[in-house]
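One chain follows as structure tokens, the form predicted alone.
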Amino acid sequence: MKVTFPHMGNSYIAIKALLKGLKLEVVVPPPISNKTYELGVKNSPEFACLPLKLNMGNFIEALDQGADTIVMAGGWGPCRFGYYAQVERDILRDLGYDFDIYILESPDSKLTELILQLKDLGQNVSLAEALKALRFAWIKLKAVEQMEKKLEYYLPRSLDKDKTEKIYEKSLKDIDDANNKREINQILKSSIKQIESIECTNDKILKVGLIGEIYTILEPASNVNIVKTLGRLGVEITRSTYLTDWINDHILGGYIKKSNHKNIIKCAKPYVNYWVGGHGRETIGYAVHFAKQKYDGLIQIGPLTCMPEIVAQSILGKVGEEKEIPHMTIYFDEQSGSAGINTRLEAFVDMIQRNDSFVLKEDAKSEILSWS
């Protein structure tokens, strides 16, 4: 059995470790490229959102490299993600691919269900071996996120941004290659020491909250690498979604690490009092949370036609006005070009720098608060 799965940011490092721990041969899809986009767009419904199209591109490239089994997450609720696996399966079979597909359904905080699903997927693994594989994948995921947060903090401050990015990229490769927890700890210690030794600017750094749909936030290829782009513009990003938080809140029942989810849901009230699918409620909750933390601005991102984020966008203007925090919304699809997106980001950063530097007249302030 040669198993593959779709990309979503750096999560492939942990997923690969998990599947190897289940004694499976893993075919990691190539990094998302123009070819991935072309394959996905060509073989997906036009109205489908960007994550489905990129999943399709990932699967076709992996099947062409010998994979014969796809592992895909399931879902439910008012978001099209719950249909992804079934739609992708039918399209790929119509294209003539012969493969098996395992759909890991959302366990809704019941960890035992997830472990049993993983044990069934593995090749004659015991329950203890499945647990060991899950634990090692978690350790790798935490290490990856630690380096992602270091990049988000140090890239806007660093005077040698190329070197900062190189250290970060090398640390990810080393974590991917690591065979045990001791090696991962050594990699983290060395990489963090290197990144912290780079000379930093004393200038004030703008802080922006990145809110929105989970895939678009986590996958740089779907958002023209917005974290690095803003980092190079001197902006420190804090994301509303980190994968360990999502797993802890939605799969592990909030028992593995301290959870902020209840506070975020509380922050969303009275703007959103119920679940609207996807991460729409969390988008508003984090918008309020970041405003309370005195962030300089908010950027909401999501795939074009994402219903939960459209609901959130319709409320975000009121949040921005009442909490006096500038905000901008960007939707991504296969037509999104880096030049256009970068121009919009530069303009937004200029605006919040003005907001930070000058006392604004009321008419100018209202112009700055909404920049969609």
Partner chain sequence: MIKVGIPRGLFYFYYYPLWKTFFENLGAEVVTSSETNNKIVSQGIDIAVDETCFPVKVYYGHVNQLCNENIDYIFIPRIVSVELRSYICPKFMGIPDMIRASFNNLPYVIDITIDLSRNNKELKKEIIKVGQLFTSNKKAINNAYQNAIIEQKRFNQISKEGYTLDEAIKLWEGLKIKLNTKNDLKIGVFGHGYSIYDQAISMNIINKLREMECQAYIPEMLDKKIIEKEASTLPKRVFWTIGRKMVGGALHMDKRTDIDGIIYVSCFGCGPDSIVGEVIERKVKNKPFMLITVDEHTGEAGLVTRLEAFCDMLRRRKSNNESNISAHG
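Numbering follows the first chain given and starts at 1. Just so you know, these numbers come straight off a predicted model, no measurement behind them.
Although it is not shown, the form predicted in complex with its partner chain is what the next lines describe.
- Stretch 301 to 309 is the contacting one of 334 to 342, 61 to 69, 22 to 30, 301 to 309, since its residues have non-hydrogen atoms within 4.5 Å of its partner chain in the model of the complex.
- Each of Pro45, Ala48 and Val272 is positioned with at least one heavy atom within 4.5 Å of its partner chain in the model of the complex.
- Contact annotation: of the candidates Glu196, Asp177, Asp94, Asp203, the single residue with a non-hydrogen atom within 4.5 angstroms of its partner chain in the model of the complex is Asp94.
- Contact with its partner chain in the model of the complex, judged by any heavy atom within 4.5 Å, is made by just one of Ile139, Cys79, Ile251, Leu121: Cys79.
- Using a 4.5 Å cutoff between non-hydrogen atoms, Leu39 does not count as a contact of its partner chain in the model of the complex.
- Contact annotation: Val276 falls within 4.5 Å of its partner chain in the model of the complex, judged by heavy atom distances.
- In the model of the complex, at least one heavy atom of Gly75 sits within 4.5 Å of a heavy atom of its partner chain.
- At a distance threshold of 4.5 angstroms between non-hydrogen atoms, Leu52 is in contact with its partner chain in the model of the complex.
- Along 83 to 97, these residues reach a heavy atom to within 4.5 Å of its partner chain in the model of the complex: Tyr83, Gln86, Val87, Arg89, Asp90, Ile91, Asp94.
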